[in-house]
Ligand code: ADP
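Next comes just one chain, in structure tokens: the form predicted on its own.
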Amino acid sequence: MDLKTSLDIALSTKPEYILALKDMGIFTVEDLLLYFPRTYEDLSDSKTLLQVKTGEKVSMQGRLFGMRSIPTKNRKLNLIKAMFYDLHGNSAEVVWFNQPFVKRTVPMKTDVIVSGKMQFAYGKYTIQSPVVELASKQQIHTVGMVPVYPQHEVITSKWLRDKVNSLLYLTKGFEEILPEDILDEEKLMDKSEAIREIHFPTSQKKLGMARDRLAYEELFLLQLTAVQRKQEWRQSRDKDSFIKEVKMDVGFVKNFFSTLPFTPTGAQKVAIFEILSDFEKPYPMIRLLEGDVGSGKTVVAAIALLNAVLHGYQAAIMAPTEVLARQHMSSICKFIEVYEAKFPGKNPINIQLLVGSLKTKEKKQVQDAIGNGQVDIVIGTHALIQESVKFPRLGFVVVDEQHRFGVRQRERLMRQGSPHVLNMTATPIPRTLAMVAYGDHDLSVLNEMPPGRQPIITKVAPPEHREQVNLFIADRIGKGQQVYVICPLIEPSSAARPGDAEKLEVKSVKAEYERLHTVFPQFKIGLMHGKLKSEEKEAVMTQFKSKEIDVLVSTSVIEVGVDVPNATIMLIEGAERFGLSQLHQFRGRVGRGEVQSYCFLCTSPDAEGSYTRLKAMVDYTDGFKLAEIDLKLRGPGEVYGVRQSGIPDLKIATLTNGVLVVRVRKAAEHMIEKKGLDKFPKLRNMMVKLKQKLDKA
């Protein structure tokens, strides 16, 4: 028997247990041994009965006597009792509910370890449904750091402990894939020992070492893959790219800044320096620009676009929706028109819009102008990546909200001349998470807000405060301002059948839309949800921007980055259902004008336990701080935008451990740049498997 042995052969158990394991994604011995505990019960401290407090779970050594079945009026309730005496002669009654098998499996009148929860009622101590093991044999349920596994309807944690322990000797079959010098330098535990310790720790110290060892390997594989992709990007683009090294022109930067009606923040200046420095290198840039809502990503993109055009290249911005593309068109044109008026060139810069709603003739004209090299900057949507769009000298591409596009969609633009690529996101991502999820990118962060921008006043509004909120909203709309109302998405698990979640979501938002007609009969109310066609969504957003709608009721499909300065109130229904990062994204839709803006987090009647988490929204306006809190609370898989990046679920590693993430990154870079993977076939094979998994994500 080895790690690849199927569990229906390796385990002596009932067929329903094998089916349950398969349902959990556990098929082989290796799968089972890599199914790690989620936590541990510390039963290291053995006590006597007199030392135990009621409600406390403990382990005690002693003996059992007088086991008997107790008749009950309820035929469905099977009751078995016995008396337990500890080593000092103190006694307590032991009770098992609906466990008739204990009469034949629990040893009597011999030394045992009993582990259970102590209760005191009717003047006597009772240990309820304890686990019992012989004191003379190995204990895996009652002594030490007892592993607690994620369970199934059929599979219990106790059952898993028994089965994992029976196969633990096969951990010697796990191959070591980390290089010896890394194991030595990092003082890492042997892999097989780490897997044994993670299941049945011999001490807290050894458990910590095992966690570090397994977490290191998880992160090392991810970081190696990211660093290798970054290297492959540079090498492949270096062969194909026609772009040349462009020296940074400090005079141009100063000239551009002189045309702005504001002073760029320090973070914007750093990001601009990093991007223009990338233009100086012999290979194309791949960089992620992340910045909070309103942090000024557009002006950073504008100077980079202008820099590319002034050096003879074409440039493009791709946005996920037409509304956002048109907004970029307006903003970029303003920046460049002011610059050209002050510093005119030989030829005016030609900026064109390419979106799906253009008439066929207009679209063809833009496509032909791009192909003829007459267009300097094109701003568009998915229309940019059609086969009919050909760039003769594309040197720079900006992809806004890049997680909204598939990998292959982004690559279509990148193949046209191997341009510099700047991906942008308004989702603040903690640095440790970005180093893994976007490890093949260089990273620029806008963590400062432009001066003069008013903080959005945020309040948690329980049901009893709703009437006051409605009165406040009515007053604001009466003064000519506009309101967003966001309704929560209903999770797929709450759907009656697969595919029903979207219907339920629409019904929910429609119900709120109808209700608000009775609350605010004097105002115009609009509706937005995921079942609307793209052109319908565009039309609704256009109406809202042009003030034809006073209150826009929407699910979370409401567009990131859309600028509606007149919208001053964001009301979020069922706020407890959203993560902090997503709540912060919603909040960023308001506060774009000169009038003070507000965000109301409306909670459901059963959401009392969420107040502490939601209060973070009241206390912090910094999206990066909220993202850090979100990462700790919900994990990387749920943070918005990360799933789309292909980061797999981590078994042991935590991305809140910044020190470990940085250590692993440096080791991965050193290995790829100095050693390569040719001498490490096992490691290379693991990376191939990981890449295949990431590509499917």
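Quantities reported herein were computed from a predicted structural model and do not represent experimental measurements. All residue numbers refer to positions in the sequence shown, first residue = 1.
Below, we refer to the form predicted in complex with this ligand, which is not included among the displayed structures.
One residue of 292, 197, 322, 376 in contact with this ligand, assessed in the predicted complex (non-hydrogen atom, 4.5 angstroms): By the 4.5 Å criterion, the partner-contacting residue is 292.
Interface residue in the predicted complex among 447, 298, 157, 171, criterion: non-hydrogen atom within 4.5 angstroms of this ligand: Going through each option in turn, the one that passes is 298.
Exercise: residue 265 in contact with this ligand in the predicted complex, heavy atom 4.5 Å: Flag for residue 265 set to yes.
Residue 344: touches this ligand in the predicted complex, heavy atom cutoff 4.5 angstroms: So residue 344 does not count as contacting this ligand.
Exercise: residue 453 in contact with this ligand in the predicted complex, heavy atom 4.5 Å: Because a heavy atom of residue 453 falls inside 4.5 Å of this ligand in the predicted complex, the answer is yes.
Heavy atom of residue 592 within 4.5 Å of this ligand in the predicted complex: So residue 592 counts as contacting this ligand.
Interface stretch in the predicted complex with this ligand - options 435-443, 255-263, 76-84, 383-391, non-hydrogen atom within 4.5 Å: Result of the contact check: 255-263.
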